[in-house]
Each structure stands twice: as C-alpha cells, then as structure tokens.
Ligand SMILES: Cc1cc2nc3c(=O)[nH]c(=O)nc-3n(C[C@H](O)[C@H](O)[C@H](O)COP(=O)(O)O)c2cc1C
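Okay, here we've got a single chain as structure tokens, the form predicted on its own, with questions on binding and movement later.
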Amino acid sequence: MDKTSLTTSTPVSAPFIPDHAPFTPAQRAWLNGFLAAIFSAPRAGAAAPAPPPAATKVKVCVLFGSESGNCEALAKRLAKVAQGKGYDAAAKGLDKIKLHDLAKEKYALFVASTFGDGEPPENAKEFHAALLGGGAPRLENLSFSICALGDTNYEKFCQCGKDFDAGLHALGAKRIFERADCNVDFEETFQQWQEGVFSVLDAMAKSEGVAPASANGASPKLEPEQAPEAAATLAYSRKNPFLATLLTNRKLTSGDSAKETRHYEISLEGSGLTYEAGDALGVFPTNCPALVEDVLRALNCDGEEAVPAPDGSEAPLRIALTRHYEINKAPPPLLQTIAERSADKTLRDMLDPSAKDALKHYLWGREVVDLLVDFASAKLSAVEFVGLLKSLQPRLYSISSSLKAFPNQVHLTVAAVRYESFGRKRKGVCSTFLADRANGAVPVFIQTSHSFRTPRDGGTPMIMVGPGTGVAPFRAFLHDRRATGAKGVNWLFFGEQRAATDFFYRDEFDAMLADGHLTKLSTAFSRDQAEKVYVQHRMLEHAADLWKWLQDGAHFYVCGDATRMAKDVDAALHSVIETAGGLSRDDAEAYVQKLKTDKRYQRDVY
C-alpha cells in the first residue's frame, strides 16, 4: 500500500435523528448538528479537505407584531445578532408579509406582543386573521420559533404569541425552539430564548453544510444596545434603576372631585438619563406597609422569617413582602395551592374551567390577603408562600414633560387608585407609593418608545386625543414643540368628569391657546350635563375640520384606556372619514390603514 492510499478516504455520511424519535424539535436539531460536526471532522491521517466554495448566507426572517414598540426594538436587536453571526436577516413588521410569502421561507423568528383583551397588536391583525382563518397555505417548508410578550396581570397572557405558535404548527411549520412567554420584565427571558434559538439554528445550518460565517467559534461583536446590561454597570436601566429625588407632588384634581390625580416632578440630576417626548418612565414601588401587616397576620407570621428573594438572596419575610413580591392580585399558583389545601372546596370548584365566570366574579375586588382569610385552613409556611408569588414589577407611566423645556427633570401625571371592597380599603401599588410613600426618593429608569413620537417635520399638524391621564404625553409633545420652535398647528382633545374639578393643566393649555401654540382645544366633561359626553363625541361634532386636518397631513395620536376609549375613538375616526370625506366603509378602512402604515396614526394605550 503506497503513501497516497493512506491519506485518502471515502466520506462517511452522518447519521440523522428521525422526526419520530422521542426528542423535542430543539433537542433533535441540536443532536443532528452535533452528529454532523463529529462525522464531518477529518479522521487521523486523512488529508485536509479542500476549502468549500463560498456559501450563500442562510436567510432568517425576523418578524414582529408590536403595539408600543418593544417587540419592534427586540426584533431589530435579534436581526443584528443574526447578521453578526453570519445570517442574512432583517427585521420586518407582520403587516409587511403575507402567508404565501412566508410559505417560501425556511426559517422565521417571531417577536409578538398581546394587546387589549388577548388581541394581536395593530400591525399583526391581518396576519393573525389570515393565519387562523380558512384557506391559509401549508407551511411545511418553514421552521420557526416565537418569543411572546405579555403581562401576567391579564387573563389572556401572551395570547397573540400562543395563537401564532399554534396556527403555524397547525399549518405544518416545525418548531425549532420552544416558545418563550415573557412577562413585563422581558429582558432575561428574551435573552435566554435568543441564545437557545441560535444554538439550534447554528446546529441545523451546520448539519446541512451551510453554517453561517460565525457559527464556528468566535461570537459576533454586538452593538452596544445588544450587550448584556450587566456589562454596562454604570448605565442606569431597568436592572439598575436610578434613585431619583421627588421634587413635586401636587394634586391636579380639586374640590369634590371623584378622582385623585397628581402631578409629579422628579429630578434626573446626575443620572445621565435622557428621554424623548413619547417615552415612559419606569417606577419601582414598594407595597403598602399596612397591607404587608395584614398579610403577615393572615399567615400567622411575625415577619422575621427568612425567605428567598427573587434574586436568590435571603430576606426577612416583612422586607420581602414590602420590596420584592406582588401581594395584591392573587397569582394562579397561589390559587391552585390554596384550593388543594383548603378544607373548603369552594375555590377548588371555581378553578374548574367550566366555572371560569364564577372565579372571575369571586376575584373581582379581592386580593391575596382575602384568599388567606377566606380559606384559612390552607396553611402555608413563609417560604412556601413567597414561592407562589410573582416578583414585584416596576410600573410604566407616560412621561408628561420634555427635557428641552424642563432640563434634568421628568414629569408624570398619575391617578391614585383607592377604593373599598369587601370591607377593606384598597390601594393601587405604585400610584399610592408615589402619592403617599415615596418620601423624596424614587427608583426610576427610562423606557424608550419606538413608535410614539412627534412628527420629524415641525411644520406637520398634530391631532391629539388624550382623556384623563392620557393627556400626559401630549403635554410633553406641546412643551417639546414649543421648545424647538415647531410651527405646526396643534389640536388637543381632552376629557374628564367635571371642568370645575378635573381640568388638568388648564392654566398651561389656556396660555398655549392665548399665544397660538395650541391651535384648538376640544374638551368633553362627561358629568357636566345630563347626557354623558366623551372625546369621541367631540370628534364627530368637528368631523369637517378633522377631515381637513387629516387631508393637510396631520398626525393622529391617541393615549389612554385600551379597553373602551381607544376603540371608541377609532370607531369615531372611521366615521369622520366616511362622513366628512365622503368615502365608503371599505375606503375609510383603507384610509385609516394608510395612516397607520405611514406612522401618522399612533397610539399609546394600556
């Protein structure tokens, strides 16, 4: 045998895990990549293989359904990471792709939020309807994974992402990594999902002989906003909030108002934090001490019991309940455990899916402490109890100021939630923290908005609809435009209960009207006449002028309650376009859709 025969060999095909093997799709993909890597390695004594020809980049579609901008921002980060790893990737809204186009793709990653009562965000409604409706094309060629954003305080948590996951799978698409369901604090879960997705994608691409440029070895260089927050220890963020000084706590409502709405001014001096009009401020609250004591009594604890904190440290129970855990709304694990341990079967019966309405009725107006009292036979240790709670989350509030007008300050407009039910006085966690317990120090961070901004052209007209505390960002918009000398006309629709007691920022708006900065102010005070009048009614009354402003290029903004107000305002907008514009219902719908596509219809609703 000569020397040549010793250095040549016949290629050995790598084994492949079949689809029916007892592994999850993620495990199967990883194993296939692992086996491909082993069997593609040169054997001892074998000649080095010839370098392969330059491969075409593996394409990965990154698609987002976003209402407030979080999912859009995450999708863009995800696409940049993919590009850095050698993939052909770009972030695209779900309103920019059709199902028949998706059927031609091989890989797709989705980042989608849930809006309102389990609904898809505005830019994903058409895709959602097409996916779940009849006649959708088969998607056997597609491999996908989904990161869903939601809020566990809502019954239909991450429903849009769940719908996408089930719908895509039903059409034959294959999951390459299990869906991630993110709560309000989404960064850590998103990062874990991203790492898991790329570990599988890299293995799949490698097994197919088309590994991306950076799949072997070195990690891609990340842009600053993609780097883990821990690496930037000096930057204040959600994970490292700035302890700001509360400068002003002023009541906006007066007299016998049925509400308590307050104006807050907070100093950002020394933080380096900046924001734009349209952004939100995250506030980390603490729980009401009186409520904490009520919970301790119901648990029969003295508050000194050592329990784990969410970050893995240990804290006395009283401190943990004050600073670290949600103790208002009862989470499902606590409901389930109390139902199982209680001698009273009432809660157990209500947890049956068929008794969903009865459970909802029981929980309305009740909190964790009520469950502990109502089902006292269900004994829980301190450690067991905190293990069933959710961690205390920051609250986000629309900023009502402009840095250009108020340097080193951020302002908030917040309604304090206070009511009584079942013989107990209830308090909103963060709204009463700011009103009663902040004591001059407030832990804060900036939550950037990526889709709620004043027009780039200062000459563009603005129409703003902001009843109640929904006026907050529009106060910011108006101050911002005044500070920059923007010449565009401005129209504000504001509504509350009574003009005499609930007309927030009246002096400011009157002054802006007097000098022409605020071109029009249309108010709707629902309790000042026998028949209730709301902002949508004022829109209809001014239909002709509204239509003219829209035809002149105005941007249309809405901020406030998503459940009713935003829907009523949207319906009024369609009606204005139909009646004043003389368009058919279908044409009016197309007109509104064009406003959204052109970013001229923006909403900050919750």
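Residues carry their position along the shown sequence, with the first being 1. Each form is matched to the other, and the largest set of C-alpha atoms that superpose within 1.5 Å is called the rigid core. Keep in mind it's a predicted model, so treat the numbers as computed, not measured.
The same protein also has a form predicted together with this ligand, omitted here; what follows describes it.
Trainee: Though this ligand is not shown, can you say which of 194, 114, 143, 490 has a heavy atom within 4.5 Å of it in the model of the complex?
Mentor: Answer to the contact question: 114.
Trainee: Scan 375, 284, 242, 157 and let me know which has any heavy atom within 4.5 Å of this ligand in the model of the complex.
Mentor: Only one option qualifies, and that one is 157.
Trainee: If contact means any heavy atom within 4.5 Å, which of 99-107, 67-75, 336-344, 511-519 contacts this ligand in the model of the complex?
Mentor: Residues of 67-75 come within 4.5 Å of the partner.
Trainee: May I ask you to state whether residue 151 is within 4.5 Å of this ligand in the model of the complex, using heavy atom distances?
Mentor: Judged by the heavy-atom cut-off of 4.5 Å, residue 151 is in contact with this ligand in the model of the complex.
Trainee: Residue-level question: is residue 118 within 4.5 Å of this ligand in the model of the complex, judged on heavy atoms?
Mentor: Heavy-atom contact with this ligand at 4.5 Å: present for residue 118.
Trainee: At a 2 Å cut-off on C-alpha positions, does residue 513 qualify as shifted between this form and the one not shown after fitting the rigid core?
Mentor: No, shifts by less than 2 Å.
Trainee: Could you check, with the core superposed, whether the Cα atom of residue 120 shifts 2 Å or more between this form and the one not shown?
Mentor: Result for residue 120: yes, a 2 Å-plus shift.
Trainee: Once the core is superposed between this form and the one not shown, does residue 63 show a C-alpha displacement of at least 2 Å?
Mentor: Yes; that C-alpha moves by at least 2 Å between this form and the one not shown.
Trainee: By 3 Å or more, the Cα spacing of residue 586 and residue 123 differs in the model of the complex; is it closer or farther than in this view?
Mentor: Here the pair is closer than in the model of the complex; there, farther apart.
Trainee: So the CA-CA distance for residue 187 and residue 307 moves by at least 3 angstroms in the model of the complex. Closer or farther than here?
Mentor: Closer together, by at least 3 Å.
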